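The chain that follows stands alone, in the form predicted on its own, written as structure tokens.
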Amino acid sequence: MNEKPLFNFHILVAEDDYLLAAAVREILTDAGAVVVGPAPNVVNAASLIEKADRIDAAVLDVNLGGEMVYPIADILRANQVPIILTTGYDAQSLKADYADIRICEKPFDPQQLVSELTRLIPSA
């Protein structure tokens, strides 16, 4: 049995801050995940979804360079992909339609992110 909690789960990362995207990639990779991305904007994220063989979960920054990530969340929800939104904004500032999605407020604890994904992904 593998000790890495996200072993071989494919996780989409959409984050426009290069350093934070690199940090999230490292956190997820260390937990055993296969990182899809990171995507710096909505168009790139949509392209990654289209090309991916599979996506088991997603970590999405709410604001990607001034664009809200909601269209990507909608695509993923339609495919029943679990999502975590990351944001520096107050959770109450998000659209009410997305209140059911888990939120990790920035700055977040790396272990918290891994734990949240482990809870969200079936059989993780």
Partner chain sequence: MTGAQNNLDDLNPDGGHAPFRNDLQKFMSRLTEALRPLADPKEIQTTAAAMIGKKLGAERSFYHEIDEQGWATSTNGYASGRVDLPEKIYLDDFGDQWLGYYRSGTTVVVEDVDTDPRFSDQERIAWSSRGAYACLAVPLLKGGKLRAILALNNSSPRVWAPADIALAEDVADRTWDAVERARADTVADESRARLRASEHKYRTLFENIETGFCIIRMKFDPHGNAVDYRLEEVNPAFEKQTGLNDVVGKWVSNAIPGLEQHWFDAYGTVAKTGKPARFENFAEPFGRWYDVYAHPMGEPDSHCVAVFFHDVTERKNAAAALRLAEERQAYLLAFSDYLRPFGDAAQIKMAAGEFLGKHLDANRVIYFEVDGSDYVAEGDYANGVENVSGRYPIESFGEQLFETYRRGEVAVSHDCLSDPTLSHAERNAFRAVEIGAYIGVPLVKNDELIGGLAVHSARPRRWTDEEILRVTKAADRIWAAVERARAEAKLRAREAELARTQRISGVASIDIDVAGGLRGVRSPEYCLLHGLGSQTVVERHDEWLERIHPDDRELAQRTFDDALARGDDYESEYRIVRRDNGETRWISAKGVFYRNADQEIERLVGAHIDITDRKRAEAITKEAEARFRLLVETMPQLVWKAANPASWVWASPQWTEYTGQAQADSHGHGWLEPVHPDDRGPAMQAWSQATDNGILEIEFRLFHKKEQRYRWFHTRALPVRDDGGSIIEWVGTSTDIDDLRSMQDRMHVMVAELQHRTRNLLGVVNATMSSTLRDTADLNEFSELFRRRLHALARVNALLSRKAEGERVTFDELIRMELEGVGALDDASASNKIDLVGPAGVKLRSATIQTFALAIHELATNALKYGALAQDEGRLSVSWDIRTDISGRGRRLHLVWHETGIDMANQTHAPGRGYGRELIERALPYQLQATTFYELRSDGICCTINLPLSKLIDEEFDNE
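Positions refer to the first chain, counted from 1. Keep in mind that this is a model prediction, so the values were computed, not measured.
As for the form predicted together with the partner chain, it is not shown, yet the points below apply to it.
Contact with the partner chain in the predicted complex, judged as any non-hydrogen atom within 4.5 angstroms, is confined among 72-80, 94-102, 38-46, 51-59 to 38-46.
In the predicted complex, the partner chain sits within 4.5 Å of a heavy atom belonging to Asp17.
For Thr29, no non-hydrogen atom is located within 4.5 Å of the partner chain in the predicted complex, even though that partner is not displayed.
Ala21 belongs to the set of residues with a heavy atom inside 4.5 Å of the partner chain in the predicted complex.
Interface residues of 41-71, taken as those with a heavy atom within 4.5 Å of the partner chain in the predicted complex (partner not displayed): Asn41, Asn63, Gly65, in sequence order.
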